[in-house]
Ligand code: SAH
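Consider the single chain below, provided in structure tokens and representing the form predicted on its own.
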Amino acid sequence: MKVLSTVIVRPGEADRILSGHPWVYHGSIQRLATPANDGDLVQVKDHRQRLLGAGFYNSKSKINVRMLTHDRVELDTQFFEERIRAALAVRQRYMPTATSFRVVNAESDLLSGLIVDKYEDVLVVQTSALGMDLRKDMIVTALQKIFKPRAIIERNDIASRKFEGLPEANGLLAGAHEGPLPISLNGLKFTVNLVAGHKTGLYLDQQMNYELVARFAKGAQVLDCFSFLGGFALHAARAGAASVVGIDQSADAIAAATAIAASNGLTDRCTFEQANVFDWLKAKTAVAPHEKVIPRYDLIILDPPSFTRNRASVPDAMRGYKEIHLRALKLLRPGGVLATFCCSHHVDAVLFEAAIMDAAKDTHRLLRRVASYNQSPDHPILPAIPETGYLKGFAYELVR
């Protein structure tokens, strides 16, 4: 086995690493016992020279080491194959009927810096860490052996790569792929653009929540805000909603969602409008003095993109969350349900619910929480790594 360069961490840093958190920050390192090149696999020891494990080193990143294992390992194709097979087994256990899902979710699957999404027989790969990026050939070989995919696509246009000193890189890594790809989510037909779509093509983390929220939709007038490709809207329509309106500011998303509704035979009860959600809600709740807003919806879904890029932007984000909930509550009929989500790991569930309660207080509404949501099991949450638990959601019944 190759002799590895050694990184020594400061006193007090070992416990966090041993508990499972894979990031070793620059400030946590006492010294390099032996020189290391960026992208190398290095061994990490505590200040008493006890082995803590091994990971990828990068002096250019704030995260100087991304831990991969607590043992000494041979980092080869077999290593990646074993890790990816273990990750796949989790999905097969908890999402046995899914055909499109996240196979590898970076830290959640002990592969920091690697994401792999499966869309039917096509795989999409993202490498956000230098060490992973340098080993794409090994990763592709392992994926081909496990899945035998029709194609493997690289979608490395994410902003986080610049913090690792990596350029953007998109394209075909293996196989052949052209045009939009038809996929199935919970039995509904979707079409995704794997080359230019959001994320790696679709937001897969809401896959199970689509069906859970749709349980409130039977016979309901439904409003789906920030609808994107219509995940919540289409599931609600299929579940028997009387009518569904989806709102999104992207013209491309609205066109795609409309086409997807047609392909599923749901256009008779499901329509989409292009608009800024904040402006749309404000217009629908605007009334003259001494008039009241007439509630029109039995189920309102709020699934906005992240309002925060960093901790400094949290106060602005909280004002945004309060605003959309305040407007939505005015449009919700008594007995109706508000299903709402936050995908920022900078805003935890307690803080997110506080914004909702502030909106309820200002609108003189009383809410009963009837459900709580997390990301789908293909985006596993490891409590030892708080960053893995970013998506949170609640459903509330409007009591009065």
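Sequential numbering from 1, following the sequence displayed. Just so you know, these numbers come straight off a predicted model, no measurement behind them.
Missing here is the form predicted in complex with the named molecule; even so, the following discussion is about that form.
Peer 1: Decide whether F278 counts as a contact residue for the named molecule in the model of the complex under a heavy atom distance cut-off of 4.5 Å.
Peer 2: The answer is yes: F278 has a heavy atom within 4.5 Å of the named molecule.
Peer 1: How about F232: is it within 4.5 Å of the named molecule in the model of the complex, going by heavy atoms?
Peer 2: Because a heavy atom of F232 falls inside 4.5 Å of the named molecule in the model of the complex, the answer is yes.
Peer 1: Is E107 close to the named molecule in the model of the complex, meaning a heavy atom pair under 4.5 Å apart or at it?
Peer 2: E107: no contact with the named molecule in the model of the complex.
Peer 1: Residue-level contact is defined here as any heavy atom of the residue lying within 4.5 Å of the named molecule in the model of the complex; does D117 satisfy this criterion?
Peer 2: No, D117 stays farther than 4.5 Å from the named molecule in the model of the complex.
Peer 1: Since the chain is shown here on its own, which stretch among 74-82, 205-213, 292-300, 169-177 would lie within 4.5 Å of the named molecule in the model of the complex, judged by heavy atoms?
Peer 2: This holds for exactly one stretch, 205-213.
Peer 1: Please tell me which of G165, G320, P304, P182 lies within 4.5 Å of the named molecule in the model of the complex, judged by heavy atoms.
Peer 2: After the contact test, the surviving option is P304.
Peer 1: Scan S250, S263, S243, Q144 and let me know which has any heavy atom within 4.5 Å of the named molecule in the model of the complex.
Peer 2: Of the listed residues, the single hit is S250.
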